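Read the single chain below, which is given as structure tokens and is the form predicted on its own.
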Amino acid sequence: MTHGVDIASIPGAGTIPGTREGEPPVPGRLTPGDKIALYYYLCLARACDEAILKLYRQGKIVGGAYTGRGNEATAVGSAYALEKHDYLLPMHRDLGAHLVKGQSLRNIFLQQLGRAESLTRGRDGTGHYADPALRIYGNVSHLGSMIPVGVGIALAAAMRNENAVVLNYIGDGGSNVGDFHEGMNMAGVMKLPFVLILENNQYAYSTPVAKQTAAARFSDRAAGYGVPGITIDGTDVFTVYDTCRMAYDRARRGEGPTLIETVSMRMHGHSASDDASYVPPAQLEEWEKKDPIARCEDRLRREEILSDELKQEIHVRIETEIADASRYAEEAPHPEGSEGAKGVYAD
């Protein structure tokens, strides 16, 4: 399961304790190389977010900038369990899923900086882009409206006998709109290969979960559609991977969709312009103890997979990759003004 990265190219992956040369991978079982790859993607997603924030504060990114700090394990773990031919409909905080699915850092920075070479050809500067070659579709600001689209893709995949899964994400706030209910109901009735991750990160912009629903868990809603609903720790990348792998296997067997609620914390404001002053500092301090990267690192050290030397190599590699992509995008040309109206009307 390489998912956009050559495991052997990760520093030290070929000499990780516990691996045997020529040992074939076991479906569903994470090898030491896989675990290092998960750690790499967690760190890469955060470093990418931090670089985007820096460009935003320098005035080089116009519009909004959104980060997934605190959500990295959900995005990375869920996408890593996908197969290459599966479909991905990520949200603006799921940068790690883009990376795992094979999205290049250059494309990400070209998009954020609104350059002519970007996937939207400079017409957008946020996460509103698709890459059909990688089977990545999404997102739009009306996040709930992605769900019926994802269900439609799942229906098409089933009709084509692709044996493909569609992974869609929604936040706690976005799960309160009609599109959520209509999409989940259709997926349930038709037993479509659709998995929806509901990212419960405690706030829909500034509205806390307690003011959104009286239910103990968002996953309880699944019963209304006759599908399984699971609530898991969204800060543990291994729990996310294992849970999603089971849901994908179930979908491939023709048993229908699954709703997975991942519980985490949005450690920054809704966007870079939001100081999150409405969040009690004690709440952030408590969630900081469950930082997804720190939790993954702690496990890899206990399993004697990650050494200080390998950690340093990984972070140096990430720093180099981010610098290259950011520099490339900054030097790339903006679109010509005459291009602005193209693609709006049929030629």
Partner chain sequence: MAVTTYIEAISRGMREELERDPTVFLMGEDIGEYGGAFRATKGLQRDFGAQRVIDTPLSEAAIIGAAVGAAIVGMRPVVEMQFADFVTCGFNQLVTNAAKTHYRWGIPVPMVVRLPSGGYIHGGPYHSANPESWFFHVPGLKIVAPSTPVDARGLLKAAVRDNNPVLFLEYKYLYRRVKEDIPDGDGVVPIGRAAIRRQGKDITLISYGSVLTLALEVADQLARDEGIDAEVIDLRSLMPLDAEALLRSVRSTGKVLIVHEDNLTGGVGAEIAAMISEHAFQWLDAPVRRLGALDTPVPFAAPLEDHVLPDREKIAAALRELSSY
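Just so you know, these numbers come straight off a predicted model, no measurement behind them. Residue numbers count along the first chain shown, from 1.
The following text describes the form predicted in complex with its partner chain, which does not appear among the structures shown.
Using a 4.5 angstroms heavy atom cutoff to its partner chain in the model of the complex, none of 49, 252 and 331 count as contacting.
Checking 204, 232, 265, 105 for any heavy atom within 4.5 Å of its partner chain in the model of the complex turns up a single hit: 204. Comment: its partner chain is not present in this chain, but in the model of the complex one of 146, 244, 167, 259 has a heavy atom within 4.5 Å of it, namely 146. Although the partner is absent from this view, residue 239 stays clear of its partner chain in the model of the complex, with no non-hydrogen atom inside 4.5 angstroms.
Its partner chain in the model of the complex comes within 4.5 Å of a heavy atom belonging to residue 128. Interface residue remark: residue 62 is counted as part of the site for its partner chain in the model of the complex, having a heavy atom within 4.5 Å. In the model of the complex, residue 124 approaches its partner chain with a heavy atom inside 4.5 Å. Stretch 136 to 144 is the answer when you ask which of 94 to 102, 136 to 144, 244 to 252, 67 to 75 has residues with heavy atoms within 4.5 Å of its partner chain in the model of the complex. Of the residues in 149 to 168, those that come within 4.5 Å of its partner chain in the model of the complex through at least one heavy atom are, in sequence order, 149, 152, 153, 155, 156, 159, 160.
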